[in-house]
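Only one chain is given next, in structure tokens, and it is the form predicted on its own.
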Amino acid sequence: MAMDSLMKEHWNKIYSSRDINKLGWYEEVPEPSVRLLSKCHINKEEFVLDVGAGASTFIDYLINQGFSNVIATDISEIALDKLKERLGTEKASKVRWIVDDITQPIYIQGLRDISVWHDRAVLHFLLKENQQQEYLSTLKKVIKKGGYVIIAAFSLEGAKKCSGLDVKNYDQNMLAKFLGGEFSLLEYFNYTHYMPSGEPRPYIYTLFQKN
């Protein structure tokens, strides 16, 4: 299966046209993700996968905290290149980089024993049933027993579009239903992210554990 070339083109265009810190979802400090990660009680050698990493500062945080098995994946190699550039050669060399499409994964599904799956704002872009199912089956395949899943999506009060694309809005019950009985919801909270423009973006943040 080929990567969704329209999607890839869309994100490459967005990441090449704007400064990272001007993007609507840019966070200087990924505070809500860090808050949930701290509840996972994993050691720093365990595998942490950031799905749709884009140019996220969550990767900087993980490396600065000494996590040694960080995997960053995104459909846009331009996004990952910008992230590498920001990290600098030494830090970037500590990350495993994967350009892949989570709805048609080639490389991601070969991963195993992931202790933390982190997705801030990827799932809500997947509008088709088959894309959602591919995401879910990949997640189930790579995450280890007892592993954690952090998913942040636009909440029901949140925007209906982002970056010119429609999104599917969620609450914690919808995410729990989506993941199914193999996963327990440990924690959730609503969080308002303010875009660089000052506009509010309501999110739901959730933490699950695989039984």
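One-based numbering along the sequence shown. Nothing here was measured: the structure is a model prediction, and the numbers come from that model.
Omitted here: the form predicted together with a small molecule. The next part is about that form.
The candidate site formed by 147, 185 and 206 is entirely out of contact with the small molecule in the predicted complex, as no residue has a non-hydrogen atom within 4.5 angstroms of it. Under a 4.5 angstroms non-hydrogen atom cutoff, the small molecule in the predicted complex has residue 56 among its neighbouring residues. Contact check for residue 134: no non-hydrogen atom falls within 4.5 Å of the small molecule in the predicted complex. Taking the partner from the other structure, the small molecule in the predicted complex has no heavy atom within 4.5 Å of any heavy atom of residue 81. With a 4.5 Å cutoff on heavy atoms, residue 117 does not count as touching the small molecule in the predicted complex; it lies far away. Per the 4.5 Å heavy atom criterion, the small molecule in the predicted complex is contacted by stretch 70-78, the sole one of 70-78, 109-117, 136-144, 89-97.
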